[in-house]
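Just one chain is shown here, as structure tokens, and it is the form predicted on its own.
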Amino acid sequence: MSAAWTICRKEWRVMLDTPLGYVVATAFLLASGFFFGKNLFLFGEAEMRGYFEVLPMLLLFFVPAMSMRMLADEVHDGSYELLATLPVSTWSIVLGKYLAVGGQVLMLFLATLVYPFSLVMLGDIDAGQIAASYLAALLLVSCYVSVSLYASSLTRRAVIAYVLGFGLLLGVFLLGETIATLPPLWQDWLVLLSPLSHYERMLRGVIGLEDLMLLLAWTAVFLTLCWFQLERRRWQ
């Protein structure tokens, strides 16, 4: 685990030394502020449900941008071959990259805590529902990061990794959005398997064990696929 934390800290130093991290963070906070402010000032709704409902679409654009260079650049620059010769397991590499991206998104979410605090000054809020929504958002981010990391492991080019990550996440997003148009038998299965279905259920303030397990299972599956891809590259 110490190797994973070392890789995570290294990625954080890279993020702080390059403008890409600041650009993505600024764009995300501006977009988040817009959707939160729209519900508050245009519709007069002193709640955050509208913001959390649009959050999966926002993350669709920003999480692949944070993840695209994590593994693709390592392979492109030849540094992955050096990393593979060190006494570092492939799981440590995957977890280190995963923690680096997840930590970046967590910092952005901490910055958005100003939204519920501003609502407190306007009146009573459902603190339990907002807390459940933040937990749901973090679990969804975990799923998105693992999918985007897998996309980054498939190519040597960061831009292609972004396109692949965006495409995979778009498929996940559309899976949840098109459930109502499908036959009833398919709906039952897709509601069970779709991360967005479980995310939306948690937004109501009800957190079930099946919701937690499904989102964590998606994360585990794509981290395992990422590990498999790196192991295959290591032995090529």
Partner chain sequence: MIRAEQLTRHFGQVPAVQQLDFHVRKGEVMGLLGPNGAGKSTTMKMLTCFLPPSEGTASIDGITIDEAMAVRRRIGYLPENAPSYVDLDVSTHLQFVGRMHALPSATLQDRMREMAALCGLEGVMGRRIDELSKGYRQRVGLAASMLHDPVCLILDEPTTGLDPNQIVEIRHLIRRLGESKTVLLSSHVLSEVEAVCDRMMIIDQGRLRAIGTAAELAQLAQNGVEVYVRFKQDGERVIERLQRDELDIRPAQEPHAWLIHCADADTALAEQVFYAAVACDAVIVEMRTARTSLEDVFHRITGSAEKET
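Note that the structure is predicted; figures quoted are calculated from it, not measured. Numbering follows the first chain given and starts at 1.
From this point on, the text means the form predicted together with the partner chain, which you will not see here.
- Taking 109, 115, 166, 80 one by one, only a single residue has any non-hydrogen atom within 4.5 Å of the partner chain in the model of the complex, and it is 80.
- Taking non-hydrogen atoms only, residue 217 never approaches the partner chain to within 4.5 angstroms in the model of the complex.
- At a distance threshold of 4.5 angstroms between non-hydrogen atoms, residue 131 is out of contact with the partner chain in the model of the complex.
- In the model of the complex, at least one heavy atom of residue 14 sits within 4.5 Å of a heavy atom of the partner chain.
- At the 4.5 Å threshold, heavy atoms of residue 224 stay clear of the partner chain in the model of the complex, well away from it.
- Taken together, 74, 86 and 89 are fully in contact with the partner chain in the model of the complex: each brings a heavy atom within 4.5 Å.
- Contacts of stretch 5 to 38 with the partner chain in the model of the complex, defined by any heavy atom lying within 4.5 Å, are made by 6, 7, 9, 10, 13, 14, 17, 18, listed in sequence order.
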